[in-house]
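Below, in structure tokens: the form predicted alone, a single chain.
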Amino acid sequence: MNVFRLAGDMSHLLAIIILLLKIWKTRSCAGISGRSQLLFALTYTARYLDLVTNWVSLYNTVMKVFFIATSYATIYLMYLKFKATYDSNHDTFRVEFLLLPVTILALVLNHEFSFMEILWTFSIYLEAVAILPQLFMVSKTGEAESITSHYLFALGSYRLLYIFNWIWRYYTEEYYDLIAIIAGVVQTVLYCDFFYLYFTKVLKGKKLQLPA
């Protein structure tokens, strides 16, 4: 554990809390991509199945349970409780174009050809692109509410902070994981346009708008 990983985890937690509070307080999931949330739920499920086989620490276990539980809670709110507010007409990204190559990559490029290792690798690759349906939806509608923008910023910051965490670990522990690093860089790059617009518009009180 180091300050960058802790800050990244807190940013990730903040993103999820912002999302859940937005849905619960407004009683609406308008502007939120259910397809991205399904991909995140699949990501956490695949990555944290080792809950039943591998104990690391109380902190690690609590975080894993939190991410799995909140991902399915979000899906419940979107597809059941507040289903009438879900904008399926704009949430049309073809997720099979992500799942198929991610699955193939996990089977071909992994550290070890074992069930749990392939699941972990699959989750790393999938997390890198899971936000694409959300970004596609924002681009398609042309704008995003401030609260949705704050959620996306916190989520993007989490991955950016993890890049600093890997740099720190490389220089202090001589440890690195190319799969996680490359996937994390790809994920961060996907947020670059959003980060620019967030700092130039949202923080100035303007509604975020992305080119269609």
Partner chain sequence: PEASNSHDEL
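What you are looking at is a predicted structure, and each value in this text was computed from that prediction instead of being measured. Positions refer to the first chain, counted from 1.
Unshown form predicted in complex with the partner chain; subsequent notes refer to it.
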Given that the partner is absent here, state which listed stretch (30-38, 147-155, 183-191, 169-177) has heavy atoms within 4.5 Å of the partner chain in the predicted complex. 169-177
Run the contact test on 54, 159 and 162 with a 4.5 Å heavy atom cut-off to the partner chain in the predicted complex and return yes or no. yes
4.5 Å heavy atom contact, residue 45 and the partner chain in the predicted complex: no
So in the predicted complex, is the partner chain close enough to residue 63 to count as touching (4.5 Å, heavy atoms)? yes
Heavy atom to heavy atom, is residue 122 within 4.5 Å of the partner chain in the predicted complex? no
Verify the contact flag for residue 111: yes if a non-hydrogen atom of it lies within 4.5 Å of a non-hydrogen atom of the partner chain in the predicted complex, no if not. yes
Can you name the residues of 1-30 that have a non-hydrogen atom within 4.5 angstroms of the partner chain in the predicted complex? 5, 9
